[in-house]
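Next up: just one chain, as structure tokens, the form predicted on its own.
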């Protein structure tokens, strides 16, 4: 565990603290105060991301430290969208997701600034990574809904919200096109940078694997609908497990050397 005694580190810890406080206060049924703290944490996260951008002089999406910093920032708007537009509950867990995804940036990965390598100096860099980050947050939200379904929880009777199984499906319906777009942009970038749309790189393979798991989820749910809600939930959780492998293990393990090694 690496504690960062820097301005960047303090901003990350302040964001985590605000998210956790919002989580606890929301559990104590003080939703308005919890939302204010959640919004305050988001404001710190935006400032933290902007500070990093100014410090490194490029969009901070180069390595895993910056990726998790970005995930911690986009949690609030994505999860608010899920609640307001998709009618998905689990508001307190939204705050917990924000704290969880910021933990690696605050305590695990090195935050020293790095030069942007030539391979990433392309207009495709930002949209390719950004759409993946958005899809990952949507899929993380879907995973928590799937876990709620397995635990037998339902929406608040006083709110017009979807049940966990239907909520999981609706969130994945939004996250999957983003996941697909990330895969397509990566393939196009590979053609421009390396001369081929597909290089059988470990990161590419696991990215495709995560996409195929969600294809399997849609196929199973199309075939059986809501008849097997627990299996539907297991499909959703399996997709998130493969995303974690794609994001972490492939980048960090020496067993998978590849063209995306700069992500470490």
Partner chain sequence: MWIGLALIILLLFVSVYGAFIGAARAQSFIKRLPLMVYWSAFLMMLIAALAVFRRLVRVPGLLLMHLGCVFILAGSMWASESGHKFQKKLFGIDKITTGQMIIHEGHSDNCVILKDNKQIKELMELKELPFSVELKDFQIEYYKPAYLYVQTRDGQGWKIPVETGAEFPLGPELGTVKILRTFENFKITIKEGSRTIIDDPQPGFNPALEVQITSPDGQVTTKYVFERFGGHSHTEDKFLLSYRRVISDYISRLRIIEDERIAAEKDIEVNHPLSFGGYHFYQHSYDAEAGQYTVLMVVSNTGLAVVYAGYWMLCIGVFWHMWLRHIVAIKIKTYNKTVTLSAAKSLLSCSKQ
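Note that the rigid core is defined as the largest set of C-alphas that superpose within 1.5 Å between two forms. These numbers come from a predicted model, not from an experiment. Positions refer to the first chain, counted from 1.
Although it is not shown, the form predicted together with the partner chain is what the next lines describe.
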Testing 46-54, 198-206, 65-73, 23-31 against the partner chain in the predicted bound form with a 4.5 Å heavy atom criterion leaves exactly one stretch, namely 198-206
*Taking heavy atoms only, is residue 216 within 4.5 angstroms of the partner chain in the predicted bound form?*
yes
Item checked: residue 107 within 4.5 Å of the partner chain in the predicted bound form, heavy atoms -> no
Non-hydrogen atom contact residue 93 with the partner chain in the predicted bound form at 4.5 angstroms
no
For residue 42, is any heavy atom within 4.5 Å of the partner chain in the predicted bound form, or not? no
Heavy atom within 4.5 Å of the partner chain in the predicted bound form, from candidates 130, 161, 150, 174, belongs to 174
The partner chain in the predicted bound form: within 4.5 Å of a heavy atom of each of 178, 192 and 223? yes
Query raised in the report: Taking the rigid core as the reference frame, is the Cα of residue 225 displaced by 2 Å or more between this form and the one not shown?
Result: yes
